[in-house]
Ligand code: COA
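Next comes just one chain, in structure tokens: the form predicted on its own.
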Amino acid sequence: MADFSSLYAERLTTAQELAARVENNWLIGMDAAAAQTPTIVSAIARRAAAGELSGVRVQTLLDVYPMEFLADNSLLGRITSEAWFSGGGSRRAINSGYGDIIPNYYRDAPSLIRSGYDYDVFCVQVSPMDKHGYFSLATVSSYSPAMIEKARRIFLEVNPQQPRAVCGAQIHISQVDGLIEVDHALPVLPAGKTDALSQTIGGYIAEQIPDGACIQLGIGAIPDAVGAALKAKHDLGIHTEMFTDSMVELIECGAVNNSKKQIHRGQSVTTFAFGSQRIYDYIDDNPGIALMPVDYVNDPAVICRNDNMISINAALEVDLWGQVCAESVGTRHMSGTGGQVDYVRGACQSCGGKSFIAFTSTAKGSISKIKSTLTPGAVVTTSKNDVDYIVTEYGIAHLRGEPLSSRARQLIAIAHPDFRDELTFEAKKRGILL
């Protein structure tokens, strides 16, 4: 039997030593959220700040750790962020002109990685090695398998507080070029504030979801409110991009048992997890949670294989055509496309499936999110041809297959009352209302 402990000891080192191996113009890859390696990247950033490195690029998805290079514009040209989907730090860097964004459908990231990128190192935070020499990638599968294939080296942060996902991606010690040991709590996502408006919207959507449906929820107050409203349902299933706290609650209360799914019956399927410590504890050694690569999980052709597939996502604004902007405020970058379009299309192709884009009718209480035309510079996330249901606290508009005049009337009816006359005037001026 191989002595994996000796291989482990040979590869064990410090963050400073791993950073010392990095050379100019390296491309460094990381995956989503809690799987990122802040200790290693911080050591690399210190070398860049000291003028020892230039041209280093670091790819992330939904960065959640406070990493110095994302907050220091003086490092532009030395170490630069490229986000597949931005978090707080990369969002600030992009809007401040020293970070970059890779436009993509999340499902396509693995194929784009395999065809377009050669990584000098893939960095990932993992659970401790098991007796067979394997490390669990814990909270992600995502595009990690693609980065592992394309990386010349693999650096690990081994954290005993990472869960061991028994049905998820693995790395063997023989694949690893260097590792460090850390011991810190994983980042958590603060719970969204579920107010009366969110509860109203959640209630509207829950009325449209039958027992036995398969659900995908995003993050925030409205998806949390939908989750709360679904607790009285029966035999629900989960097939989702991101595994969230509201899903744990639905499983534990018995509303979700995955018994009616057409594929992966008995398992909740996801590609990464992020939320509270409760999620990480739930994943640990749990065969009921399957973390699978995103090019499978988010493929609309896979999503639609479950009947009554329901997707719930958010928007920043919607115009009278039904074009959905979910990633910018005008020209100001906010996030990315992620998997919204994947699940809109997958749900609409599912037998009995429905897709909901949900949001409160106003921003800051004074700006309508339903607009005659999108704000100049706004990024279209979900197209007019894909959109299905739009939901606000004033009701539900069903747009899919409807003519423009019907779409406009329905959207105006669920806009905030203070803006309905203005929207009607604009629609008539443009010849939309027949």
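All residue numbers refer to positions in the sequence shown, first residue = 1. On a predicted model such as this, the values are computed, not experimentally measured, just so you know.
Quick note: we don't show the form predicted together with coenzyme A, though the next part is all about it.
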Worksheet item: Tell me which of 173-181, 109-117, 195-203, 313-321 has residues with heavy atoms within 4.5 angstroms of coenzyme A in the predicted complex?
Response: 313-321
Worksheet item: Using a 4.5 Å cut on heavy atoms, which of Gln340, Thr139, Ser355, Ser268 is close to coenzyme A in the predicted complex?
Response: Gln340
Item to complete: Consider the chain as shown here, without its partner, and state which of Gly220, Gly133, Gly288, Pro210 has a heavy atom within 4.5 Å of coenzyme A in the predicted complex.
Response: Gly220
Discussion item. Met334 versus coenzyme A, in the predicted complex: is there a non-hydrogen atom within 4.5 Å?
Written reply: yes
Item to complete: Tell me, yes or no, whether Ala326 is in contact with coenzyme A in the predicted complex, where a contact means a heavy atom of each within 4.5 Å.
Response: yes
Practice prompt. With heavy atoms only and a cut-off of 4.5 Å, decide whether Phe85 touches coenzyme A in the predicted complex.
Written response: yes
Worksheet item: So in the predicted complex, does any heavy atom of Arg409 sit within 4.5 Å of coenzyme A?
Response: no
Practice prompt. Let me know which residues along 356-370 have a heavy atom within 4.5 Å of coenzyme A in the predicted complex, or say none if there are none.
Written response: Ala363, Lys364, Ile367, Lys369
